[in-house]
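Presented below, as structure tokens, is a lone chain in the form predicted alone.
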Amino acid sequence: MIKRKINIFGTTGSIGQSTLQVFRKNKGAYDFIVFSAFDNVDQLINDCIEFKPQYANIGNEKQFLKLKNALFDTDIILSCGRASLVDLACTKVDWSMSAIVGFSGVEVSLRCAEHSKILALANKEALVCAGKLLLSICKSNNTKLIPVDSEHSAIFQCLEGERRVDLRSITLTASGGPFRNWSLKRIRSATLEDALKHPNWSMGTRITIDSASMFNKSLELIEAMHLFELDFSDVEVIIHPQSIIHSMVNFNDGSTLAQLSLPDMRGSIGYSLNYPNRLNIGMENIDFAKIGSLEFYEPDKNKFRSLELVEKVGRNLDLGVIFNAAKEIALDRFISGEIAFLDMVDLVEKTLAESSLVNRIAHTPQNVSDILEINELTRVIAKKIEF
């Protein structure tokens, strides 16, 4: 039996760890090529000992000696730093998981799109910041792009076998995060600890806060527009606290198809790995009697202004790289205690209004170096905005 060659970028994060859970059911069928992490060297060491990849990369160079000492008696080729990571993403494999969080995963995703037969994309920023380029690379290299975000995986599944011409719109579901029942007044004083109390999912710090602010859903709107070739008016968001329906597709004949499963990322990961088959990955089916009911609410855009602000990007997708970079700086400043929770959306709004950035986008061809340059310029500006 020929083993499928596998890369996992972002091995130690929540998506990476869920990915390894899927592989544990049948490790012998795969040849693990590249594992990567940024700072969690202890988890990377444990994962390398268990799965024995050919290569391992740690982003934080200060952790390299610990990685080297722990794996000195293995045949794993070790490296550290950004340049080596990008080089490893050029390894030819059958399936790559791109699960590095934030803009750091964009260039890796683009390289994987060139050299992987299947790109399982969990890094939403690759589409938000470089969607046109990513999709062009996938097309040129005959790479199958399968989204791993639960919402986009749901849409992808619902559209299988359907005619795109029959599609009317899509509905992205959102849990609403920890603040879905909070008043705007109460959210004004929300702390970092409050923002990290997600009711449904176990995720990393940055993703959890993005969920609380609904910035994650704003990014997913842009992501959906790229993936499914939709206008902004064709994508809507609805609050669904149970996180059982992951998204819905609405057709011209009034029919709606929805994908349902328990809130567990192994579902969309397993789907991308086994596509077009649906193999047993150890997940239970839904017990509808136990759940009892499913709820839906319109999102309050006064509380979650990111859903309103993203319309500006929806009208010009090239602004995605600015929107994301400003959001990441806003997140950094909130985590550090420099700004309040609701200041994040104000910072992004002010950054989007910077004429120098908008003019730079208008005259920029969408290639990797230009995207990296605009990202850096946006961060410099966003760091200087005062409150």
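A quick note: this is a predicted structure, and the numbers were derived from the prediction, not measured. So that there is no doubt, residue numbering starts at 1 and follows the sequence shown.
Beyond what is shown, the protein has a form predicted in complex with a small molecule; the following relates to that form.
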- prompt: Counting only non-hydrogen atoms and a 4.5 angstroms cut-off, does residue 14 reach the small molecule in the predicted complex?
  reply: yes
task: Indicate whether residue 56 is a 4.5 Å heavy atom neighbour of the small molecule in the predicted complex.
output: no
field: Touches the small molecule in the predicted complex: residue 204 (any heavy atom, 4.5 Å)
entry: yes
query: Would residue 67 show up as a contact with the small molecule in the predicted complex if we use heavy atoms at 4.5 Å?
result: no
field: Proximity to the small molecule in the predicted complex, single hit among 170, 174, 212, 265 (heavy atom within 4.5 Å)
entry: 265
- prompt: Of 197, 188, 82, 144, which residue is found within 4.5 angstroms of the small molecule in the predicted complex when only non-hydrogen atoms are counted?
  reply: 82
- line: Given 34 to 42, 343 to 351, 330 to 338, 48 to 56, the stretch touching the small molecule in the predicted complex at heavy atoms within 4.5 Å is 34 to 42
